[in-house]
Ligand SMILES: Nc1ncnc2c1ncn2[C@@H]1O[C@H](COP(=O)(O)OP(=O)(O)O)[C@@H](O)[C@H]1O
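Just the one chain here, the form predicted alone, laid out as structure tokens.
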């Protein structure tokens, strides 16, 4: 979907981005992460030509972005920033419909799309007539994502999109965005400084340092392939444990044979994370726990053996 070839950006004597080569896969979330000032936001903004590269080539679906006028390119790319950037005097409806109006969509089509996006974001349809000042931080950020998705772009750029909201709303926004992405399968380039956020959302994590791309793998591969010292130190000592939050019990339990019956063990729903299950086993000093579905029916049991191959091959789950 996106190919970066020798992409460099120099501001005066400072090289903010240095010879980045990467391929960003279609339908996946690639998270750019690294220390402050490493060049991740600069790299992101070069994709939609908000910043022009000093050298190198960026192509989207095989087409060099320099062949498209910046204003037309940006109408085909959704863009979400930390402070949302909603127009304060526009209603939510008007904010979401900015790009469709520029593209010449008819009013009925715009109304249908805004309603669809409000539903997708979990916002009441009455929000369409509210002004940004009437929204909470989390609500405003959802509207910002809706605006970016309004014209159904194949590519979404997100620069610290949830960084300005409180931890509780941030977790909710991450959950909602993960749900939406599973439905839409957009190609997403996502900048964050938060390792846990990267682990939770990324299909692939791109680690930057001093303007260079120093690692680009799936979250699990940084464990399987023994990441270099800088990457291991940056990701943190608890990276392996936080990685368990990516995985759901539905994929890592031992099915019950025959008629399902209660075992007397503590239970967790199949939608719970493996990290939650491991924490429960360890804190209560248990050998196993019971996994159930939404209706409460027992599906099977979970033990530490169910994940012994999680980072080294196929899991032992169902």
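Numbering follows the first chain given and starts at 1. Since the structure is predicted, the reported quantities are computational estimates derived from the model, not experimental observations.
One more form of this protein exists, namely the form predicted together with the ligand; it is left out here, but the text below deals with it.
Heavy atoms within 4.5 Å of the ligand in the model of the complex map, among the stretches 247-255, 66-74, 30-38, 270-278, onto 30-38 alone. The ligand in the model of the complex is not approached by residue 48, whose heavy atoms all lie more than 4.5 angstroms from it. The ligand in the model of the complex comes within 4.5 Å of a heavy atom belonging to residue 42. In the model of the complex, the ligand lies within 4.5 Å of some heavy atom of residue 16.
If you take 139-170 and check each residue for a heavy atom within 4.5 Å of the ligand in the model of the complex, you get nothing at all.
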